[in-house]
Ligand SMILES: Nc1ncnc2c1ncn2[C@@H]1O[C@H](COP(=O)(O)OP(=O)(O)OP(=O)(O)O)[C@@H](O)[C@H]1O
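Next up: a single chain in structure tokens, the form predicted on its own.
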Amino acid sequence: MLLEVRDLQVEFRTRDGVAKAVNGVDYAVDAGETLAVLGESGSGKSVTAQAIMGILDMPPGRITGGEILFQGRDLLKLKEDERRRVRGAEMAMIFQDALSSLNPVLSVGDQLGEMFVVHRGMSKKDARAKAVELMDRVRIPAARERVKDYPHQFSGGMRQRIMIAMALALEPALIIADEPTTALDVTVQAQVMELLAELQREYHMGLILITHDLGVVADVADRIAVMYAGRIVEQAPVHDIYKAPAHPYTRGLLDSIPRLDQKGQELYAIKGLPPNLMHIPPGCAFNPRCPMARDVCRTDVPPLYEVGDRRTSACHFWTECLNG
């Protein structure tokens, strides 16, 4: 297995109290596999990714438990200089806001080339040639001329392609893409996702795709992990999730997707708001919003039930949901 996250726990200490952002997350991804991590804002998707990458702000963040095994090594036990060598070279991350992630005062060629200078010891001239090659690879037109341009001179879609090129630069075994299509129009979203899928097949990378949009992952993911209040509430092969969700929260997310065959009908929305992570409800965290909630849901935290092959659900009544 390329990456295994075991019982990961992350909290943030603030003046108002302790926010439990990640509460025992378990998931894994293998080489050539795409795992989509879904959930509303604040569910813990990005915090989990930052903990994996070793870029979590500490303080106020703190990893209080668990393991992150990458190619058999527990990343949480590595020294910072060892972790830095893993970052970029063996695993990389594509951030959701390309404009703020890129340095505005450096050309894109300098930023792409820096990876080769720092990690491969290349000369600046050779690094610039590699930058042009990467820009060509992610289909940026006139790469040789545009390598000297600055981030603000590119469109949103082109900047996201530069972020993908930066992540691919050293051919890592794992890429984490955090909302890579945010703020892009539908056509550009499709192009970016198609490019990511193509490059993943070519390099046989593991890919963790973080998103809140079930529609984005339908054609690219192998498995889906659904997060709520810092916990995985359902995990399953992608086709099983779409065919029959085994958790009420997953069903709510699916029902929220606009459909062409339901013109004129009111769009479904999950009632209520995600919980305050400083005051997570007792029992199942989803119970205040769940249409299936019963007394046991308000008192007992549901375990992860084995629903099928490589499929789990954290719902006391998963059989009803599955058949519903």
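None of these values were measured; they are calculated from a predicted model. So that there is no doubt, residue numbering starts at 1 and follows the sequence shown.
Keep in mind that the form predicted together with this ligand is not shown, yet the notes after this line are about it.
His212 is the sole member of His212, Lys130, Arg159, Arg146 with a non-hydrogen atom lying within 4.5 angstroms of this ligand in the predicted complex. Residue Leu277 is the only one of Ala51, Leu277, Ala285, Ala36 with a heavy atom lying within 4.5 Å of this ligand in the predicted complex.
The stretch that touches this ligand in the predicted complex, counting heavy atoms within 4.5 Å, is 53 to 61, out of 66 to 74, 25 to 33, 53 to 61, 290 to 298. Every residue in the set Ser41, Gly44 and Glu179 has a non-hydrogen atom no more than 4.5 Å from this ligand in the predicted complex. Mapping the unseen interface onto this chain, Ala21 counts among the residues with a heavy atom inside 4.5 Å of this ligand in the predicted complex.
In the predicted complex, this ligand lies farther than 4.5 Å from every heavy atom of Tyr305.
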